[in-house]
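We begin with a single chain expressed as structure tokens, specifically the form predicted alone.
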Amino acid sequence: MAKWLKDAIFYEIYPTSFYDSNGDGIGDLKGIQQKLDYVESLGVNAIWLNPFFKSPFKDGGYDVSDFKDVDPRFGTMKDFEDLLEDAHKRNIRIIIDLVAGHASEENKYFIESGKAERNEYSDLFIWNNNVWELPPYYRMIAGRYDRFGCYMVNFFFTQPAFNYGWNKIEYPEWQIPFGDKRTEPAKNFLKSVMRFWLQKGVDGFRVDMADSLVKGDDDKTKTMELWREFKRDVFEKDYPEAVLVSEWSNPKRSLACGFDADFVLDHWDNCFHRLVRSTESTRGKAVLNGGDFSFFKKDLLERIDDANQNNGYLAFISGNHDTPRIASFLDKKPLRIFYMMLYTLPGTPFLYYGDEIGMVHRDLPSKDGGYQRTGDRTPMQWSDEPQRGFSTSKELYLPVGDDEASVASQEQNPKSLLNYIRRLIAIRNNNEELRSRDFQLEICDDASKIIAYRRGTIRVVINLSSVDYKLQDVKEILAINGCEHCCLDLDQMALKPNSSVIYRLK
């Protein structure tokens, strides 16, 4: 595993919406480079850069037409290389998205695979051999290409699935078994994509839909075997300091097959959703909005144990390009409690651009295949000037928000959310214990409505009850939230309701 990941704090950037350097209304790579001073000022030391590859943008760039080139809307390959070089000079690492399971329908290799005559690309994607016999539970599309058959999609119908083979075979006339030599083109292609960008100097990949590769693989054993091969042949051999972060949300599987970190996503069945975004229409109130603790506690401890058992990390997120903005779910006090947890729980924290100033979800028409997600991908609000300082253009690709949040206004306020998050990041950076695997959950129950855990000599307490909570053995307060009028006597300190604290033990 890359040693640097232990100390990493990530910032996710959606290129379309971060900063427009040339006044065309769309964010670009030069714009990101021009804002590296700001990124550095947050205290983060790594960036997750969402897709900037050539694409028809029918799924926000996750439908890739050319895996080894930059889309003109974002600039040139030289622009990317300059961004990477400048970030590295600042000791900021960059990982990029790896779309491993599918391509765009406009990818030239897929177009070749759809031709009636067999060619070297015919087996690169999954096709059946009969347009009249569609398996009822496979997502397959017919009638759009000359080839007599249907192609399988990985997500949207514009995203044909690469052919890594099948574990369970139900239709032997067209399903190619995992390990068959006809699946070599897909494996070799993905290896070539990884090597291309690693040679450019990227520091690793966040892998989109990492568990979607091998089909008919319910228990994911063959998909895990495939990722072990990729890790061995590409990373361990030539790029041991590069990292793999999985969009899997199953650390028991993902970390066991070579991923270095696994996202804890906003899925109904995990602790992150139950902590923050759960509502009566999903699984009941979120913990930070007065919900129960039991599921959160159980799932959190299981995930931490899985990460430790496999020598990997959990990747907790404030949100991402697929997730509703967190400030739309939590009021000011619970929002700050969440950030205290984000930067003190074990693992690798990810901050989505704009979350640090409290940007919120907007109800917008779909753009780039974003559907409801479009409202969480709006331009970064840099100032209170026209177009919120994002662009000089009056015609923006995505509209700016009309809420109060902006970087400029919060920079001037020492009590702002932005400066609060900066302080939390600094605390994490300055305390090795918060970057270690040491974690002891002391209290987390519905009876007390208290969450308390230790990281070495550092203790974190969250008081979600309606009464004060007496703190024990306080040596030094590192950060406190929602309790500005607490007793200043460390031996008598009591944490007020809806407050949280980080302190060092005696």
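One-based numbering along the sequence shown. Note that the structure is predicted; figures quoted are calculated from it, not measured.
One more form of this protein should be noted, the form predicted in complex with beta-D-glucopyranose (BGC), which is absent from this view; the next part is about it.
For residue 59, a non-hydrogen atom is located within 4.5 Å of beta-D-glucopyranose (BGC) in the predicted bound form, even though that partner is not displayed. Shown alone here, residue 322 lies within 4.5 Å of beta-D-glucopyranose (BGC) in the predicted bound form, counting heavy atoms only. Under a 4.5 angstroms non-hydrogen atom cutoff, beta-D-glucopyranose (BGC) in the predicted bound form lacks residue 266 among its neighbouring residues. Taking the partner from the other structure, beta-D-glucopyranose (BGC) in the predicted bound form has a heavy atom within 4.5 Å of a heavy atom of residue 155. A heavy atom within 4.5 Å of beta-D-glucopyranose (BGC) in the predicted bound form is found for exactly one of 93, 388, 206, 253: 206. Think of it this way: in the predicted bound form, beta-D-glucopyranose (BGC) has a heavy atom of just one of 377, 303, 215, 273 within 4.5 Å, and the residue is 377. From the list 339-347, 314-322, 194-202, 169-177, the contact stretch for beta-D-glucopyranose (BGC) in the predicted bound form under a 4.5 Å heavy atom rule is 314-322.
Scanning 410-440 for heavy atoms within 4.5 Å of beta-D-glucopyranose (BGC) in the predicted bound form gives no residues at all.
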